[in-house]
Structures are given as C-alpha cells and as structure tokens.
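Just one chain follows, in the form predicted alone, and it is written as structure tokens.
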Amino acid sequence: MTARVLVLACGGTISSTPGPNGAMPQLEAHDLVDELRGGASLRVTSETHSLIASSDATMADAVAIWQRVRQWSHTTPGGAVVVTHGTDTMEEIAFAVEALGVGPTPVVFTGAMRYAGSLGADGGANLRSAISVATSPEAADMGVLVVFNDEIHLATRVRKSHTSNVATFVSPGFGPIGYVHEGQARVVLRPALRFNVAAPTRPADEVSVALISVGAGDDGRLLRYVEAAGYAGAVIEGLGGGHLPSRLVASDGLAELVTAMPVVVASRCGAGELLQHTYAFPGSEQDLARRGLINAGVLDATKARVLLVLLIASQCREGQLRSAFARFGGYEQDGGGSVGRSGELRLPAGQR
C-alpha cells in the first residue's frame, strides 16, 4: 500500500461507536486505519479533521477539507486523499470540494451506514475500497469521487437515496461510473467535462442560501420572508421539469425576491435536466426564465444550493453566476467569457 495517501476523518457513522444512549462519533482517523489490519497501521497518513455528526457539517468544513487537499497535493506530488465522512451531508460536502477544484489529485469520500461494532458494519470495507480507488491510476483526473458499497460515483451526481440501506448512494439518471472488484478499481466511464469555481473571498459560512420546497397549490407566502431573514440567495425546489404553481409566480413575493437576490429553480424529481423551451404557461420553465430565475439544469436542489453558496462567497457577479450554473447544470458546455480554460470563474479585479 502506497504511503502517499492521506486519510482525513470527519466524523459520521464510520467514526461512531456505541454509547450508553446511542452511537456517537468517537473514532479518530488512526483508529479507522488501524482497524483495517487488526491494529497494524497501513502505510498512510491519518488525520482527524473533526468528530461530528455530518448533520452539523458546514460549507466552512468543505472549504477546510478542500484547503487540506490542495496542501497535500502540493507537498505530496502523486498523492491521494480519502475523506471519511457522515452520509447525511456527504453529497453536499463532496460536491463542494469538487466545485472548488482538486486538479488531478484523486480525492475519494466514503463512510458507513452501520456504526462500528454493529452487526454487518460496513465502514471498514468501504474505507478499504476507497483507498484502493484513490491509489489506482484510474482515479487520476477524475475529480472527487464517492466510493460506497463497492460502487464508484461522481461527486457531481451522487445522492443519498435511503435512510438506512448500505446501498444508499446512487447517481440518478447516470449511475455509478465504476466499481471495486477483488480490491481493484474498475472505472468504465469518465466525466467529459469538469468545472470549478473561484475560491471564496469571504467565509462561506457567512453566506446563507434558503432552500424552499414547493408543492401542489403553494401560494409562495414563505418567499415574502426570505430577504428579511437575511438570506443572500434562494433555491426553489420546483415541480416536474422545473415548474412552479401559477398562483406562486403571480404573487408579489417571487418578483420581490428575484429583484433582491439570485434565485435558482431546481426540480424535486432528483433526476433529469430542467426543461428550457417546451412549455409557456405561467409558472413554466420559459415563464420563470423571463422572470429572472436561474435554471439549475441537472443539479438537484441540494447541489444547486451548495453551488450558489460558493458563487456568492466568491463574490461573483450575475453574469458569471448564470454562466456557472449553465456549465455545472449541463446545458452550456462550450466557450463563454466567464469560465476560463481551467474552468475557474474569472472575477473582476476589484473582487479578487
């Protein structure tokens, strides 16, 4: 096993052990690594970033993980990073690290659905598979991956789909891009394009983005309170192909919100790209575009919120923000003045 692997522990179920009132994250990174060989350490560097439930993970944690990855890649050429993390927010933190950009360094997130010591605990197997993938030549230039239950997923597509099943992670509409077989990584698909945003110029935790889910008959009254509550942006999880009820779009709340801040619309379906040119009724995708809402494309509402937080934290202007969503959302893949060849958003000199 190569010594050029950093295992960065961030709490979660994989770090949890039973307590008098229930399981709690308690295992440090070295505990996770030592357990794989019965106490004999693997040839990896182990560090503990945090021992928290991932429901407490924040964008500040994502930025800190990204910064440690970048530092490791600079001091350890050819090295890789495995991040152990709780599953509740793994899809968000992994996507944020990918969006910030990791270059060619293999970065693999993994975790567990069953805590250490429980019947059928899966943490050790997932960690071993993640290390196998991270150290494989197949993982280079793939961006951030999530390895779980011997499947390999892109951080840009993966989401948790079940509250307790060990096969919880899926990539709706895309599927896994590979698998682990007898300890070896098998990558059968590679991403055609990767983009990254500029590093935040203000603390990401200072940026609050509201996530509002819409249902049948919703009149949008919650929208009236978003600006007053101090949010800097909003993501609306809409219906079907990216639609909203006509009574909601007719309300003053939506118009005022779009004037006050960037508002992104995504779909609650979780798979598929939002429509752009099919329907024209009030609340349709074309109507929403005319009203100034930003189309999330293939991004679900959770990932759209992460991307919007990072873009606002990097103080992107409206055109750059829209361009970033067009690219991450998959509906604009060529050229564009605000995304350079490296995929990094170019900020005006006064905002760098």
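Residue numbers run from 1 along the displayed sequence. Quick caveat, the model's predicted, so the values are computed rather than measured.
Same protein, other form: the form predicted in complex with a small molecule, not shown, and the subject of what follows.
The putative spot formed by 86, 113 and 160 is fully lined by the small molecule in the predicted complex; each residue has a non-hydrogen atom within 4.5 angstroms of it. When the small molecule is considered in the predicted complex, only one residue from 295, 302, 46, 54 comes within 4.5 Å through any heavy atom, namely 54.
Residues with any non-hydrogen atom within 4.5 angstroms of the small molecule in the predicted complex fall in just one of 286 to 294, 46 to 54, 322 to 330, 66 to 74: 46 to 54.
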